[in-house]
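There is one chain below, alone, in structure tokens, taken in the form predicted alone.
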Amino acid sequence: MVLFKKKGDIRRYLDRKKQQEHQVGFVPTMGALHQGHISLVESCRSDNSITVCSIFVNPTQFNDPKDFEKYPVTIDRDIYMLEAAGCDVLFLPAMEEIYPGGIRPGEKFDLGYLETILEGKYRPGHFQGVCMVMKRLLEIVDPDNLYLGQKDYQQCMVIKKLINDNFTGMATIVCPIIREPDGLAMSSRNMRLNEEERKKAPAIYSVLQSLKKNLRKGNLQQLKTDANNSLTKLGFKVDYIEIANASTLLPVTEWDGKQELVTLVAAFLNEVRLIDNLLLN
């Protein structure tokens, strides 16, 4: 695996590879890697001759500065995992490589209603920060294919819009959520859970499964209320639990029995915020 810290160096290297007709796949991460990230690397390797991964903890997407400060950093372990997974190129930029001259108000991205609902509502500015860093990374790596995890369902939709608006010929591949044996969606934030919280956390997936099992044509409000109550009784502080159109993410209250649905949840266990989702039909 070749490691680059300067954007000019990785750009020249990848330009040469593209001239040799290599297809480039890209897996952007914020580090603290787990098997979910590695599954993206494996999918990327199966489709492309060059697999690029980046590790950059992006401050502009944290609407809570304390959350940024507490984000786990495990660089040595991450590098070992990527090498073992067969990653070809790692981009490990310093802050000034991504934000030369420091972080300043920049381009405003038109995300429409996507930044007013769910994560957009509860984390104002988050998706603008995501787009800010993703646009810079995509301009540097210029991949043929981009690999994202379904756990960040709304973020995947935001990045797809960013690509449609700013890049041509770049494909986005969304890969399934990878779960622990007890159902908890793998996440870097899971490292912050203490023993008691870790035992409780799989209840999120259990509630989503129950919601799927009890889905019926008609009004869905009671389903959402029951799911919210179940998590609250277990000690979660629920930001939202929603049932939405799987393609648009617009909330669905009356279901016709045919429309494809996804349920999404964000809830705190003490200071740790967990998100998950499940396709319902």
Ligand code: AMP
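A quick note: this is a predicted structure, and the numbers were derived from the prediction, not measured. Numbers follow the displayed sequence, beginning with 1.
What comes next is about the form predicted together with the ligand, which does not appear here.
Review point. Which of these residues, 34, 224, 212, 45, gets a heavy atom within 4.5 Å of the ligand in the model of the complex?
Key: Exactly one residue meets the criterion: 34.
Exercise for review: Identify, from the list 89, 208, 148, 140, the residue with a heavy atom within 4.5 Å of the ligand in the model of the complex.
Suggested key: Going through each option in turn, the one that passes is 148.
Practice item. Could you tell me if all three of 59, 107 and 125 have a heavy atom no more than 4.5 Å from the ligand in the model of the complex? Key: No, none of the three is in contact.
Check your understanding: So which stretch, 108 to 116, 192 to 200, 149 to 157, 80 to 88, is the one near the ligand in the model of the complex (non-hydrogen atoms, 4.5 Å)?
Key -> Partner-contacting stretch among the options: 149 to 157.
Check your understanding: How about residue 30: is it within 4.5 Å of the ligand in the model of the complex, going by heavy atoms?
Key -> Result yes; residue 30 sits at the interface with the ligand in the model of the complex.
Review point. Quick one: is residue 167 in contact with the ligand in the model of the complex, heavy atoms, 4.5 Å cut-off?
Key: Residue 167: no, not in contact with the ligand in the model of the complex.
Point to revise | Any non-hydrogen atom of residue 40 within 4.5 angstroms of the ligand in the model of the complex | key: Yes, residue 40 sits close enough to the ligand in the model of the complex that at least one of its heavy atoms falls within 4.5 Å.
Review point. Hey, in the model of the complex, does residue 176 get a heavy atom within 4.5 angstroms of the ligand?
Key: Result yes; residue 176 sits at the interface with the ligand in the model of the complex.
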